[in-house]
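Only one chain is given next, in structure tokens, and it is the form predicted alone.
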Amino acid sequence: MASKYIALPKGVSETVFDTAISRFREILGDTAVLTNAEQLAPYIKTMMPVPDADHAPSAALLATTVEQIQKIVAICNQYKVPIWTISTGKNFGYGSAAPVERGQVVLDLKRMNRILEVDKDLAYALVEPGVTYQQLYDYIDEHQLGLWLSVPAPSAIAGPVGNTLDRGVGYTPYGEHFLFACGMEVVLANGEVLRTGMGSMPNSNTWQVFKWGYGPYLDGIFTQSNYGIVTKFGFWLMPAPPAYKPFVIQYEHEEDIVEIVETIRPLRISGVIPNAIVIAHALYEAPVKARRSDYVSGPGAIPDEAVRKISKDHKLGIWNVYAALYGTQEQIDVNWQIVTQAFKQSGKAKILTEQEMGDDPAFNYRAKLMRGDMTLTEFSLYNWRGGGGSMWFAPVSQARGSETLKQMALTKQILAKYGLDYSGEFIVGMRDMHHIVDVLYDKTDPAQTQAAYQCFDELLTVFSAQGYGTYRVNTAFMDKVAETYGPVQRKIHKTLKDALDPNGILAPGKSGIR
């Protein structure tokens, strides 16, 4: 007989699951426990080249309080029901809202969306997991607090908790998000509530201002892991600077990436350019202005001459370096001289400011991101080819020109082998670069979907063999990436898991941890 559920948790019978569901309903009420296919549709759709059924949840729970979550984990322990926690569920290109393994129950925290505190003087916020960047942005604006957010590209609909716990990045001087996290409240698998850092102390008045607390620093183990459910999260905000100067520097040849990185690195390390600089390839910027079908049709990767034509038609460089200066006008003037001098040396760079770029949509999008404004422009990438397939390939590179050239060439070569285009950008941290490539394919085309899977698998294999680690990956490839970091790390992850979650109820399989 067919089950009344679209999937069942691994190792849990339908009868046992019935009991668990009715217990969940006692805690949350009927309308906050979703079990039918129609209700679960938003939690099933992924952009990965695997059947969505592989990641179908058995149910979704909409909790609103810490007490509810404590009761939920008690039931999960009793009936060995695994839960997959999401905050806003907008992790596009990394698996979206779907669980890592079929049959897990989604614990959806989007209704836990209170902004608990924003301190104007000390420039910090304390929020619940369901708070979106848009909501916080509006709150700061409404109360005229004069603070800036740092946001990932799909800013408006994502939220600071989910993004930071996945160690996502943004584009302001506060772009390395986890670096600016300060204090978490975590519901552990046994139902206990831990406050990290200074928060462990009763009546603490420094929870959001001093990260470390006393003893081993624990916050890190709750990022990219399945050791607890974060229910409150503190982080620092940037005071709005008196002046802001975004700019773009365009280069005409792919091999210019060497010069770009060698010029940027000293400016980044010394803090002359304070924000996470983006070096975007023409094809990464093109979807804001063009569609693939305007330039090529038929199978195979887009040829280089078409890319050059796109650049010319739409006033893009083959590489487009986006950065900004922040501070008083005097500080900006001094640093602008240093920046322009450095880039002018070879005669290859075309330096353009806001005045020169006018209402150019690609520039405006980047200028917004670098000041933490709300935008969804990045999603134009999904119109480039169409068909809804997207996976972010995200290897880390040293901030060295030779390394970036090598990574770009290697990525292009593997993508082309499978008929896919290189849509990539480098985000310059202090000494590292996140190489972010959107592997775009048509998920409605079975052959292209299979090619995308093999392509992504090969990218991970080849890059790992060359010592390039991936910093974040979609749920279909989590085990493969975990393998690349070696047996000792995996063993420690498992030891922590066994100690903190002996029944394995929290997101088994997240980051390859079970």
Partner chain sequence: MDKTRRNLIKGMLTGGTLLALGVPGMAPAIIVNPVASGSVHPSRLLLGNTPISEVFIKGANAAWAAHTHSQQGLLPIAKLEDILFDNPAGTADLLRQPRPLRWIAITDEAHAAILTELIRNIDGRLLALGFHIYSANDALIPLRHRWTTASPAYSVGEKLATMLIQNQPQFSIVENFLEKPVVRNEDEALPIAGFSAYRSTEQDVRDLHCAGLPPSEANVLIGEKTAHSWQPRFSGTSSGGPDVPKLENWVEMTSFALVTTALGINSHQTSCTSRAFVCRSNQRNLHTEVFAGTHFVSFIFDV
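Because the structure is a prediction, the values reported are computed rather than measured. Numbering follows the first chain given and starts at 1.
FYI, the form predicted in complex with the partner chain isn't displayed, but the following is about it.
Out of Thr377, Gln398, Asn77, Ser225, which one falls within 4.5 Å of the partner chain in the predicted bound form, going by heavy atoms? Contact check passes for Thr377.
Of Ala280, Ile72, Val261, Ala97, which residue is found within 4.5 angstroms of the partner chain in the predicted bound form when only non-hydrogen atoms are counted? After the contact test, the surviving option is Ala97.
Proximity to the partner chain in the predicted bound form (heavy atom, within 4.5 Å), stretch among 378 to 386, 116 to 124, 201 to 209, 398 to 406: That would be 378 to 386.
Gln337 within 4.5 Å of the partner chain in the predicted bound form, heavy atoms: No, Gln337 sits far enough from the partner chain in the predicted bound form that none of its heavy atoms falls within 4.5 Å.
Mark Ser297 yes when one of its heavy atoms lies within 4.5 Å of a heavy atom of the partner chain in the predicted bound form, and no otherwise. Within the cut-off, so yes.
Quick one: is Phe92 in contact with the partner chain in the predicted bound form, heavy atoms, 4.5 Å cut-off? Looking in the predicted bound form, residue contacts with the partner chain include Phe92, since a heavy atom lies within 4.5 Å.
According to a 4.5 angstroms non-hydrogen atom cut-off, is Lys245 in contact with the partner chain in the predicted bound form? Looking in the predicted bound form, residue contacts with the partner chain do not include Lys245, since no heavy atom lies within 4.5 Å.
Can all three of Tyr43, Asp138 and Asp445 be found with a heavy atom no more than 4.5 Å from the partner chain in the predicted bound form? Heavy-atom distance to the partner chain in the predicted bound form: all three under 4.5 Å.
Suppose contact means any heavy atom within 4.5 Å; which members of 143 to 165 contact the partner chain in the predicted bound form? The stretch 143 to 165, when checked against the partner chain in the predicted bound form, contributes Ala156, Ile157 at the 4.5 Å heavy-atom cut-off.
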